Structure formats: C-alpha cells, structure tokens
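Just one chain follows, in the form predicted on its own, and it is written as structure tokens.
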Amino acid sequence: MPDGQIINLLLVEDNPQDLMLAQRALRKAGLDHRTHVARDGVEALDFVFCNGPFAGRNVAAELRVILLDLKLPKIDGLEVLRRIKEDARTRIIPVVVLTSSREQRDVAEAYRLGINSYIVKPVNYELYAEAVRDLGLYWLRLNQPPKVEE
C-alpha cells in the first residue's frame, strides 16, 4: 500500500484461492488500486483501527466497504464485525459478509451485529469472481456513503 493512498475496500480473506479470484475480479473491474487485503482477523482489526504496522493510517480515512469472511484464523469474522460495529469511529463502515457458511446462526448473528449484507460464496469460480466484482462496483461506485466529520 503506497504511503498516503486512500484505501476504499478492505478484503478480509484467508483462503489463497478465493483471495486470488477476488483480486483478479477487482483488478478486471479497475477497483484493485484502492484495496487492502487482510488474511486473518487480527490483521483486519489492526488495519481498521490503525494499530501495529498500520499505525500511520488515520481511522477516519475513507474506508468505503469491508468484504469479510467469517471463518478466519486468530480472530473469527463475527468478532471482527462486533468490534467494528461497537466503535463509534467505524460503525458506519458498510460490512458485507462473504463466506462459505450457510449456518442460520451465523447469518442471524451477523445481522444482529450490524452487517449490511450476507452473501454465501458461490462454489463456481466464475460466479464467485462475478459476485466480488459486482460487490466492488456497487459499494465503490454506486453507493453514496455519508460524509464523516472528523
């Protein structure tokens, strides 16, 4: 991530194959230049809250959407979601769960915690890439976020 670059999309994904497909879909849509990847829950939280290697970032910097897998190492996606949504500085950031879990308890808990959408990853690679591309286009080009006062 170049110094001073505004990151609009945080992709939280630990599966190397899913990550590669998602990055390729974002690149083809011209959305990859403002994307950061976190491969586990700790890295995701460090990025969002500007801790550790991301201490130079500003929490109020324009993060337009988080695509969040639930089954993550170190800290699971539901805990990441809970921490993001309980903090006044980050609760308005849209979070889209993009996961393989169809468990109703995961769906219900994610919505209770404040997600904006819950999408089960398509098994077909082309459909998965299409879903990521469409999510990126919607949240980064079509959706109108509120202006945040610093």
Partner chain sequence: MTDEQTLKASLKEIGDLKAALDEHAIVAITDPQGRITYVNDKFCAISKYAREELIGQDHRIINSGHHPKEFIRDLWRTIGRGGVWKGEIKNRAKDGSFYWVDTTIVPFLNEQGKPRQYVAIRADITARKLAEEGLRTSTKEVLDLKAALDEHAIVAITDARGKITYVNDKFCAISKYTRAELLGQDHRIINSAFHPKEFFRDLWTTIAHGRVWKGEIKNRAKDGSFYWVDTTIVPFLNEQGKPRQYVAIRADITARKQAEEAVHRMNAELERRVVERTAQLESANRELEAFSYSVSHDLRAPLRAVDGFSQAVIEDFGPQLPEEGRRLLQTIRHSAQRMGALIDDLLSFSRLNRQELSKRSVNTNALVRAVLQELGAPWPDRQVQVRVAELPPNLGDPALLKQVWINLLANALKYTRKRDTALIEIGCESRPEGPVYFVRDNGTGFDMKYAGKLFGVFQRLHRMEDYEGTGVGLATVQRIIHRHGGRIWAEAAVDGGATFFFTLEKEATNHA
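Numbering follows the first chain given and starts at 1. Keep in mind that this is a model prediction, so the values were computed, not measured.
The form predicted in complex with the partner chain is left out here; the points below concern that form.
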| query | finding |
| --- | --- |
| Heavy atom of each of Asn8, Ser117 and Gln144 within 4.5 Å of the partner chain in the model of the complex | no |
| Stretch in contact in the model of the complex with the partner chain, which is absent here, among 79 to 87, 109 to 117, 48 to 56, 93 to 101 (heavy atoms within 4.5 Å) | 93 to 101 |
| Distance check, Arg34 to the partner chain in the model of the complex, heavy atom within 4.5 Å | no |
| Proximity of Gly30 to the partner chain in the model of the complex, heavy atoms at 4.5 Å | no |
| Partner proximity in the model of the complex: Leu21 to the partner chain, non-hydrogen atom cutoff 4.5 Å | yes |
| Contact of Arg64 with the partner chain in the model of the complex (heavy atom, 4.5 Å) | no |
